[in-house]
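In the block that follows, a single chain appears as structure tokens, in the form predicted on its own.
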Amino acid sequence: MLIEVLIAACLLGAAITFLAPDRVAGRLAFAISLVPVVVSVYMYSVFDGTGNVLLQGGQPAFETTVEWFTLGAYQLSYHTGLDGISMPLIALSTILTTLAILSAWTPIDERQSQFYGLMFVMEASLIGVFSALDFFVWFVFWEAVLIPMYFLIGVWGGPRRKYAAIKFFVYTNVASLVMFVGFFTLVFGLGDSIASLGLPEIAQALNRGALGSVYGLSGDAVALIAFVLMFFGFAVKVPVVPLHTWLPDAHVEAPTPVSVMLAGVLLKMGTYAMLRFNFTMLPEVATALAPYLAAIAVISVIYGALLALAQQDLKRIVAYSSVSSMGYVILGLVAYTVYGLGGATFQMISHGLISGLLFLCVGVIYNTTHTRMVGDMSGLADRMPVTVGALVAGSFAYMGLPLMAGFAAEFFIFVGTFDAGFAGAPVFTALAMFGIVIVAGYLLFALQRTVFGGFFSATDYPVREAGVHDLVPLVVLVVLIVVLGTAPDIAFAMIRDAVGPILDLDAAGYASVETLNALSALGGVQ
């Protein structure tokens, strides 16, 4: 029931802050947000799930199953549980929400109670997305995330906030519709072989070959159509090129705490869903399409990095760099190796921390200088040493410097992709590695112009170090990035145990003895 405690704490927190006066809403919201953090850290410390929650032999932790209602021939249940993929994402969601709430004290100066209430609603929805094991429940949480995000951008955003909010909502809502059609194509193809919309039941039925024909289409054609539709729906959320155009507008117009949640957690919904639906349920299609998917991933890496290189707005630089970084996640998924799948999941966590740190740094700089343009400032290191130190640390982590989380994530992905079995895997890996050079280029350019040299600001605002409540989130994120970079097994051992069974499944959905032995040798499965 601890998952339900998490969700209930967030919803209760939303109700309390909605009713609280604006003058105390920020501090009250921060205090309440510590409850989910403490619970999720405790869950992480006692986590005892094994294997993959969707596959035979997987044992979810903190599982809850309650029959809900019948929809036609299908029994719908409130079913939640965590494995090594979802547990780190739950912890990431709660930690980033708390840090985002703390960072909102300075920039959010109106309708505070409503702002923090919506942040809690979004946190509850995110926890639901990463823990739901029934499609209906999962889809409710999936769509519920859109509502608070739409209002958080549309009400508290910049001058073009309404345009950005509507564009975000239209893109992601249409994508959800396409994904929904793709998923139910699978359900119709499975026919009487399933009696519920439980994700484990559907995944295991697909892996034992129960998919039949639909309207004269063969099972293979149905699987291909469903895979493409679901991948499109999730790709918009990631986003991948050329479906990324909503992201820079949303980031630029959103207030800093919302950008932190958008880049840190919401984008991970797309890659998490790809891993669960596309790569776990339809491994044969994923393997057949691997070169094409790898090409999409590499294009996102290179094109996103080049777009970031061309920007002058610090926030746009970080926004476009997210497109590039999420391309690495897809490349790791396509690899279909333990290190590829595990590295992709690790990159979701790593990117959540690093992008959150960079957006927070940009927000602190903007609050002080009232500009985000690279050419409007220089020499900030003299006036804002702590903020600049965090910005430099986050930038180096993005570049993949050793002993930081970004290095570990990209190293796992490149090792896993280089050994992948699809045609041209080493070439795709080499091209993706070239993206790191571009990343280093635009980040060093931005740092050199804004941080070093003599002090200059194009605005008349006094430039000085931010307050303690602005700096604490930066320090916490830097510490987490270094901890994950120096001891990646804190998360990777758990992740490896859950992604390993996806590989080399037999007709009943079991991982082969060879795969389990290989994982056991790596320390992931006992």
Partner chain sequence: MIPLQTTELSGLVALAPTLAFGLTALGLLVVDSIEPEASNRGLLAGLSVVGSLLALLATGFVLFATGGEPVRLFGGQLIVDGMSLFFTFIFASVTALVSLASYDYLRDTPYQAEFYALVLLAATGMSLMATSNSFATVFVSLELSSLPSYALVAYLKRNRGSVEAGIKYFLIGALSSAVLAYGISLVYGVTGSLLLPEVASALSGGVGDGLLGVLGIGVLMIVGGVAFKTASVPFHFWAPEAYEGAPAPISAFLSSASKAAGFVVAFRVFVTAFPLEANIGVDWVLAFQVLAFVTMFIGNFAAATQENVKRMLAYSSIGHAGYVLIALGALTGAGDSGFILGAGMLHLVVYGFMNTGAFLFVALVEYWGVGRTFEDYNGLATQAPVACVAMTVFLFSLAGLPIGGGFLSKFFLLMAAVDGGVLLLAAALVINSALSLYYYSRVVRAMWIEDPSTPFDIESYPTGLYAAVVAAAVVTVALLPALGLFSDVAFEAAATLF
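Residue numbers count along the first chain shown, from 1. Here the structure is a predicted model, which means the values were calculated and not measured.
The following text describes the form predicted in complex with its partner chain, which does not appear among the structures shown.
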**Study point:** Residue among Thr371, Gln114, Thr106, Ser193 with a heavy atom within 4.5 Å of its partner chain in the predicted complex
**Key:** Gln114
Exercise for review: Using heavy atoms only and a 4.5 Å cut-off, determine which of Val155, Leu309, Ile225, Ala381 is in contact with its partner chain in the predicted complex.
Suggested key: Val155
Point to revise | Contact label in the predicted complex: Ser213 to its partner chain, heavy atom within 4.5 Å | key: no
**Study point:** Phe184, heavy atom within 4.5 angstroms of its partner chain in the predicted complex
**Key:** yes
Review point. Does its partner chain come within 4.5 Å of any heavy atom of Gly454 in the predicted complex?
Key: no
Review point. Taking the shortest heavy atom distance, is Asn173 within 4.5 Å of its partner chain in the predicted complex?
Key: yes
Point to revise | Proximity to its partner chain in the predicted complex (heavy atom, within 4.5 Å), stretch among 131 to 139, 228 to 236, 358 to 366, 332 to 340 | key: 131 to 139
Practice item. For the stretch 180 to 210, return the residues whose heavy atoms include at least one within 4.5 Å of its partner chain in the predicted complex, in the order they occur. Key: Phe180, Phe184, Phe188
